[in-house]
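Only one chain is given next, in structure tokens, and it is the form predicted alone.
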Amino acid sequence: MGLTNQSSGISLIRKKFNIEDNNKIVLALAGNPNTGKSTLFNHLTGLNQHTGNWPGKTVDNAQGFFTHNDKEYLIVDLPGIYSLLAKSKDEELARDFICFGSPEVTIVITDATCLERNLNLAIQVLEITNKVIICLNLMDEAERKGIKIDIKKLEKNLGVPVIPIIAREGIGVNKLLNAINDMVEEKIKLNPLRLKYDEFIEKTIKNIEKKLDNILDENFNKRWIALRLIDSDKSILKSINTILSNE
């Protein structure tokens, strides 16, 4: 159930990350450093994984495979980052994969003991794609520290599934897998949080989006790209030009 009607741009990005097997459902795993991202990745994939560098880069990547409900998944463990604003190679690669690689689901893993800091990245991911699941890891540590999280309220405010887990013990992982399955099968109603800007910025966004309509297809989140262009993000231009020059 992988993407069948990919634009050549998406195909190129997936090849850039050495992802060419379209028979598997592609997942992205994102999160801040030290949130348990690798622990969850290892739990899901076991021995069915490999590591290396992104082509032409010195940034490590890991990819793994697993099966759930008779579906085959390929999960890409993105570099641990704090932001998608592309101030580093790690951030640029993670941003490009989420924005242009079109993963069927992006899992954002957070540390439940310092959720406020971690939600910065989660909200940025929500601006790129609707298909997001937020994992609250280290729930046992949060409980020991007396931290209580209203999961239902957080889920309502973010507009996407929020799954509490303890990755090192595998607790909650099956619930996560079922949420991934339901999202792939479009059984979940999504209403992701999107920041609203003042009238002038919103008008500027729409004007840029109209221009992007002429060069990018519907697979790309033009609103988010417009926001990055307003912010004079030269790296996003470089990524787009790389895609278009290879189509």
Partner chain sequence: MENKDSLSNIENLIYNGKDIGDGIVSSIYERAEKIYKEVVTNDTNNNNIESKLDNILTSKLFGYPIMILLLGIIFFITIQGANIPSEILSNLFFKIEDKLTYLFLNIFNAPDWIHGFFILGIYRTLAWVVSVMLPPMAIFFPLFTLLEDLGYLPRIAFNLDNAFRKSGTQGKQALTMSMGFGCNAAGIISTRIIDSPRERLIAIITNNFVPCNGRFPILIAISMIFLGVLSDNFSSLISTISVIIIILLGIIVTLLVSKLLSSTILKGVPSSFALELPPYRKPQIGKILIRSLLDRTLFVLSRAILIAAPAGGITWLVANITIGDATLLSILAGFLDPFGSLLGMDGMILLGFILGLPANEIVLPLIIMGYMSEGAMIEYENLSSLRTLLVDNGWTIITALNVMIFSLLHFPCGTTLLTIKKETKKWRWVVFTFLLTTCIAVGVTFITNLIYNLIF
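Note that the structure is a prediction, hence the values are computed from the model and not measured. Positions refer to the first chain, counted from 1.
Below: the form predicted together with its partner chain, not depicted.
Site test, Ile171, Leu177 and Ile188 vs its partner chain in the predicted bound form, non-hydrogen atom cutoff 4.5 Å: Checked in the predicted bound form: no contact with its partner chain for any of the three.
Distance check, Leu229 to its partner chain in the predicted bound form, heavy atom within 4.5 Å: Output for Leu229 is yes: heavy atoms within 4.5 Å of its partner chain.
In the predicted bound form, Ile133 touching its partner chain (heavy atom, 4.5 Å): Contact check for Ile133: no, nothing within 4.5 Å of its partner chain in the predicted bound form.
4.5 Å heavy atom contact, Gln49 to its partner chain in the predicted bound form: The answer is no: Gln49 has no heavy atom within 4.5 Å of its partner chain.
4.5 Å heavy atom contact, Asp150 to its partner chain in the predicted bound form: Judged by the heavy-atom cut-off of 4.5 Å, Asp150 is in contact with its partner chain in the predicted bound form.
Option from 23-31, 64-72, 190-198, 39-47 whose residues, in the predicted bound form, bring a heavy atom within 4.5 Å of its partner chain: Among the candidates, contact is made by 190-198.
Residues of stretch 106-120 in contact with its partner chain in the predicted bound form (4.5 Å, non-hydrogen atom): Heavy-atom contacts to its partner chain in the predicted bound form: Leu115, Glu116, Arg117, Leu119, Asn120.
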